[in-house]
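Shown next as structure tokens: one chain only, the form predicted alone.
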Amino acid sequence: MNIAEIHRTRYSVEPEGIYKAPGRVNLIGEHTDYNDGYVLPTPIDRHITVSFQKRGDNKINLHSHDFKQDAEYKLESFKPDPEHHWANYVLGVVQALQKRGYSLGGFNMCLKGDVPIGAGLSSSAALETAVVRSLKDQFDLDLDPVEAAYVGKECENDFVGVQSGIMDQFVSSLGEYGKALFIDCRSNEHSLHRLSSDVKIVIVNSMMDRSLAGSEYNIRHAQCVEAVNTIKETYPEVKALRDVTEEMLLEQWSKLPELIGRRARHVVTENTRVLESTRLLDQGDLNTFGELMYDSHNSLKHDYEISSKHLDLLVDFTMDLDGVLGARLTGAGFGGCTVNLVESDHVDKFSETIRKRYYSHTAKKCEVYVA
């Protein structure tokens, strides 16, 4: 059943508009966005879609096809809903727009998507972006794509309570399929870098729970702030780890608790890897780019400590496979997915082998998506 049919069934009327936004996979640049750093994501061919119909009152009526749930709120008085977590991504967008002074009315909305939920592929940012697009169009809001991304980020930070950076909403709002989007998360400078048709981005979902990811995400954020506060005692110009060079970090190492130093080292070296990756993509040097993906995973595993046994297995399984140029965990960590750079004519064999090896080692079935 498509979204228009779902809307007709739920509300007995045709929707006035249908809007969608893609999920994303981050090629490299993990946990750098909330440190004002650099990231290199790409949108994937999976989306969250919403239908929209204006109401004549101040009610917000929501229906989630995937959760088989309905929820109802009043436009002028709502708060986070613990029973309908999915609805908070709609409500948070509404609140962020209202705080910006935009005038909205009541509406009916249905939600449906094929971005795997809880896999680290930003189903939440896709939903936020789709909702922003619907409200912008239906209420004629003066929003450019960058501000639209920040509306989604504000929803995530202030309403949902996850201190994420701007990357997910930015690529959902501005990304182009088949291209990597370089983002400077401080200046919003961005550029597109075409991905070679000789390779495919293959995502492997470990199907492991990411329940730790939210709380640990906020802990990592606080640890990065602690590192900055120590370093800025010597370098007052430092506002975020993005401003710290590897040389500065080495000089300040003895002042930092060992754990905090390792957290900072990941972010500092990961920023360097992203900048190098954009150059390598433009030069067509996919082999070296793939090596940086493996380096990124090792840094996330040892310094940032957000990997897991299952994610490490999925990366390790790629080491002897023909046609695999790089692999790493992607997303917040602790579960979710790996992202793999695979030569196009090896994708089928890669998928088959990864599934078999993962099941034989874990007795669990992984899912494989070609982005």
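None of these values were measured; they are calculated from a predicted model. All residue numbers refer to positions in the sequence shown, first residue = 1.
Note that the form predicted in complex with alpha-D-galactopyranose isn't included here; everything after this is about it.
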*Contact label in the predicted bound form: Gly261 to alpha-D-galactopyranose, heavy atom within 4.5 Å*: no
| said: I'd like to check something about Ile166: if you look in the predicted bound form, is any of its heavy atoms closer than or equal to 4.5 Å to a heavy atom of alpha-D-galactopyranose? | reply: yes
task: Give a yes or no for Gly326: in the predicted bound form, does one of its heavy atoms lie within 4.5 Å of a heavy atom belonging to alpha-D-galactopyranose?
output: no
### Query
Quick one: does Tyr217 come within 4.5 Å of alpha-D-galactopyranose in the predicted bound form, counting heavy atoms only?
yes
TL;DR on 166 to 174, 79 to 87, 274 to 282, 105 to 113: the one with heavy atoms within 4.5 Å of alpha-D-galactopyranose in the predicted bound form is 166 to 174
Restricting to 321 to 336, the residues within 4.5 Å of alpha-D-galactopyranose in the predicted bound form through any heavy atom are Gly331, Ala332
